[in-house]
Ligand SMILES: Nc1ncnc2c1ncn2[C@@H]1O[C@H](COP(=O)(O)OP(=O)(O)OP(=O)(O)O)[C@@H](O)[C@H]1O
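Presented as structure tokens, the chain that follows is alone, the form predicted on its own.
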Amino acid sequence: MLAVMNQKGGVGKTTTTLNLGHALARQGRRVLAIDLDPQAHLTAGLGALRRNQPGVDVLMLGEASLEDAVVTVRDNLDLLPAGERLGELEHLQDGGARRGFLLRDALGEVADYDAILIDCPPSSGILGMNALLACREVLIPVAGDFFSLQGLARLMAIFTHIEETLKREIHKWVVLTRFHARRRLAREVREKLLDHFPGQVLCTPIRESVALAESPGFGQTIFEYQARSNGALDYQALADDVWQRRTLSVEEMSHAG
């Protein structure tokens, strides 16, 4: 189970969940994508936004089963939609510390999927905490700009605190998004990521692409919108990175695009 998380907006978090999930599904793997963001961008991006549909909101509230809430959106790809009441959970006051385990408890032992991806909200509130407590791995999209690095330090501090509290490690992976190989700043960001997170930066950077920005507006993944685009090539390669745990070394960086 992999939480796709970054507190900074505009780094390609939902884009990554959407297209990585479909890329894995296209490889024949059974995938469940969970929309844990009240904005429901993942649900909309997969063309599955409906009024009054049950989703992860009622699942976490104990008002529906996983089977009731899940919808099949592509071959091998299921979606647990956000649901219209998900925002209420962010302000939930009752339950004490158990509020952080609602998602983990609701999912139980999900054995039918090869991969589960959670699209997290851009905050460290109750919903984000639920994702972290349900997962043992986190994928952090980082855009190739200076401000993305600033927010990353705070996010890592949150991970460290949770690891110390739970006395278990959260495996962290970094994917570089909105990448321009010809821009010096983007290359410098990649170098800093490799310095600070050795063995955690996945091999494939996701190049900046107009098609990646456009495709969710049509309820399509990049593979449906422009199958031969750079975005499609990059996310298919990223799926291999994630599945095989392929990371970039400093030595390999000089040969990377």
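Numbering starts at 1 and runs along the sequence shown. Since this is a predicted model, take the numbers as computed values, not measurements.
Quick note: we don't show the form predicted together with the ligand, though the next part is all about it.
Each of 11, 14 and 178 places at least one heavy atom within 4.5 Å of the ligand in the predicted complex. Looking at residue 209, you'd find a heavy atom of it within 4.5 angstroms of the ligand in the predicted complex. In the predicted complex, none of the heavy atoms of residue 227 sits within 4.5 Å of a heavy atom of the ligand. Contact check for residue 57: no non-hydrogen atom falls within 4.5 Å of the ligand in the predicted complex. Although the partner is absent here, residue 122 sits close enough that one of its heavy atoms falls within 4.5 Å of the ligand in the predicted complex. Look at 189-197, 218-226, 64-72, 33-41: in the predicted complex, residues with non-hydrogen atoms within 4.5 angstroms of the ligand sit in 33-41.
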